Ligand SMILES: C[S@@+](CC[C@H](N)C(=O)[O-])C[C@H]1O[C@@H](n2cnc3c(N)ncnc32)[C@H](O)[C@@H]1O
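A lone chain, given as structure tokens: the form predicted on its own.
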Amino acid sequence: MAICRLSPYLRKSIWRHWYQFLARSYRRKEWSFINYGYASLDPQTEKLQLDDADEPNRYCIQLYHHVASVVDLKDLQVLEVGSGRGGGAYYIKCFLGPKKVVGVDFSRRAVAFCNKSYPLVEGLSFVAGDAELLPFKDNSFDVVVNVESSHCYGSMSAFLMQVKRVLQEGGYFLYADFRDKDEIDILRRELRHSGMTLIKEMNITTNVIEAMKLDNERKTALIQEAVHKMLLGPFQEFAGVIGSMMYEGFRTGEVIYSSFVLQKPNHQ
């Protein structure tokens, strides 16, 4: 993916402006998720039960479920970094049982969109902030979730330092994102050097590809309906529709999508 090869801080600036543009220009509630999705490849997997209103976003929700359901979140304090348009934080709060979910995002317009879209959900809130300088006290959360966001950051190491800082001892970092195949070892090294213990890693690229296939018709129709024809190309690339560079990157193995579970050690 070409933008991933830019300098970290230029990449971060470009993504910031892009998400500000999305939040300003596209306020449709059905665009409450921006991720590539997840589909189980095991026919014996029990189908995730969703409300009718959430069914169109099934594959995006399933990615959040894959990441966040690894730990029992009941009555815990959860932070989502890179909360985007809020759908993931809403799902976690309403379906996985935490006491509180705070979503933080560097796009102030996205935060405003979320606070307007989910005003009555008790224990769910959204604030503006930088992933590399989180606006929270030390040891504030039991769990930090980060889904398909870190590729936008200027410094992964700075982000991981912040995750460790805001987590309570014994707390979990539940994380998923993609990298070019020649950068995946760098990511693993950064995670191992974060001061947190890497408990689990899964290559979920094939699951993401399957979700992209199954969700392609819906995404394409939504883009055709809502996006000006001059922007169709960029939006199709961003959405990863079949035939896009992003889709081909996953299909050919040039881009790897992984999920991870890390834990902050207890003080010795």
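In case it trips you up, residue 1 is the first one in the sequence shown, and so on. The structure displayed is predicted, hence computed values, not measured ones.
Separately, the form predicted together with this ligand exists; it is not shown, and the next lines address it.
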Within 4.5 angstroms, counting heavy atoms, which one of the listed stretches 161-169, 126-134, 186-194, 70-78 is next to this ligand in the model of the complex? 126-134
In the model of the complex, does residue 98 come within 4.5 Å of this ligand, counting heavy atoms only? no
Just to confirm, residue 152 within 4.5 Å of this ligand in the model of the complex by heavy atoms? yes
With the cut-off set at 4.5 Å between non-hydrogen atoms, does residue 35 touch this ligand in the model of the complex? yes
4.5 angstroms heavy atom contact with this ligand in the model of the complex for residue 147: yes
Under a 4.5 angstroms heavy atom criterion, identify the one residue in 141, 113, 106, 90 near this ligand in the model of the complex. 106
So which residues in 70-101, when you check this ligand in the model of the complex, have a heavy atom no farther than 4.5 Å from it? 80, 82, 83, 84
